[in-house]
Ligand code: ADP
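Here we start with a single chain on its own, the form predicted on its own, put down as structure tokens.
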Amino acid sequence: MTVLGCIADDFTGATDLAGLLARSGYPVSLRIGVPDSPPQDPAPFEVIALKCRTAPLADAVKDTRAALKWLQAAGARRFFWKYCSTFDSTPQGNIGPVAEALMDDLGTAQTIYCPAFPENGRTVFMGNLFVGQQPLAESPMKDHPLTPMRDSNLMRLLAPQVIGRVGLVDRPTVARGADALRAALDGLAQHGAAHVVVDAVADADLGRIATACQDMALMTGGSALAMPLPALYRAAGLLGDSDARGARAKVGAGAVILSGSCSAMTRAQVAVYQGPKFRLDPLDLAKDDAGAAQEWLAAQDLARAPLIYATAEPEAVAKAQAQLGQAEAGAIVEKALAELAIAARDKGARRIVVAGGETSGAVTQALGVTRLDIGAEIAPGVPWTYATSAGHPIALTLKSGNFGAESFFTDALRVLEDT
């Protein structure tokens, strides 16, 4: 029976969450989209990956409610709504409205919001989100092509998205421990605060928050907030012993790297990669599709792990969006990378590295992957996963744009060799 049911708003976020939960040694199952069939042999930790971060709000709410029903059928009574550690959203949503819809369905009057991931440099202090030492609105996220973040204050970001009142539990309260945090949440509930931002600047803070909130019907946040939960559930008698092995599978040696992310870190990762590279330009794709890239890929030696990327500087992204429209520019790139993923698989690629949340969703859906088993972690929040595509066993890693070191692409392939 499932102990914790998780819903993630994009595919890289889902693998991030699944990878951190898998550190516990307990089985973690990652589903791509809401399964068509009822739960059979569910894992203690089930994660459903949706592609709803930038979807129309009505679609996002509908999809997450369907995921909730499936997870309830799997036996879950505690739930986690996972979004990006940079709180990627617009003034209309989708973070707050989805949380409010899930609260309604669960009949709960309060939840918390904590996107902090200190291990990856994401912290929350006095309700303000920091990326490293930069406030969110001064970080490269201010130029995100789909969800530019121009305010660092999570309460101001959240308030326009929800109907209920927004509150804050600050770091001094969190530092006093789980009992103080629980008392603060109770006090806020008495004053009608349904949506509570909680500060966290260190892993110890996440442990206190998880301890205080482990019995909540719904928690929301970044993946790191869920990491302490397996040990807490085991201590509460909800889980037995873990085997601490993780998934492993033998796959072929051919590899390909596909990058649609335009984050600052992914730009650096593309720049330092030493293998063969081909750049996709949305303006060229709009005229001629991906024919040139297909020809280039067909001529490559997959043992050298060729990289195909649409990663570009903010100025180039803005130019393409101005000519094609924001949604169309993104859709053109996703379609091309999805087609190239199929071509690479059919050519023999069994190790596929994907950078970018929207790209990961497009590629995974194109490959027909519906379930992933979680394997070795490459970087905090980025594991290898194993699946089947067109009858072939494949290893797939889905990297959020800003995650990983500059050497990530090389690191990923080396980690797979070592497992």
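From a predicted model like this one, the values you see are computed outputs, not experimental measurements. Whichever C-alpha set is largest while still superposing within 1.5 Å between the two forms counts as the rigid core. One-based numbering along the sequence shown.
Below: the form predicted together with ligand ADP, not depicted.
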Students should find that, of G167, G254, P282, P306, the residue having a non-hydrogen atom no more than 4.5 angstroms from ligand ADP in the model of the complex is P282
Quick one: of S89, Q110, S263, T220, which gets a non-hydrogen atom within 4.5 angstroms of ligand ADP in the model of the complex?
-> S263
Even though ligand ADP is not shown here, does G19 get within 4.5 Å of it in the model of the complex, heavy atoms only?
-> no
Heavy atom to heavy atom, is G13 within 4.5 Å of ligand ADP in the model of the complex?
-> no
Flag C114 as yes or no: does it have a non-hydrogen atom within 4.5 angstroms of any non-hydrogen atom of ligand ADP in the model of the complex?
-> no
Is the gap between L71 and ligand ADP in the model of the complex 4.5 Å or less for some heavy atom pair?
-> no
Looking at 296 to 304, 170 to 178, 227 to 235, 322 to 330, which one sits within 4.5 Å of ligand ADP in the model of the complex if you count heavy atoms only?
-> 322 to 330
Relative to ligand ADP in the model of the complex, which residues of 386 to 406 have a heavy atom no more than 4.5 Å away?
-> S400, G401
Is_shifted V270 between this form and the one not shown (CA, 2 Å cut-off, rigid core) = yes
Per-residue C-alpha change between this form and the one not shown, D88, threshold 2 Å, rigid core fit = no
Taking the rigid core as the superposition reference, indicate whether the CA of D63 shifts 2 angstroms or more between this form and the one not shown.
-> no
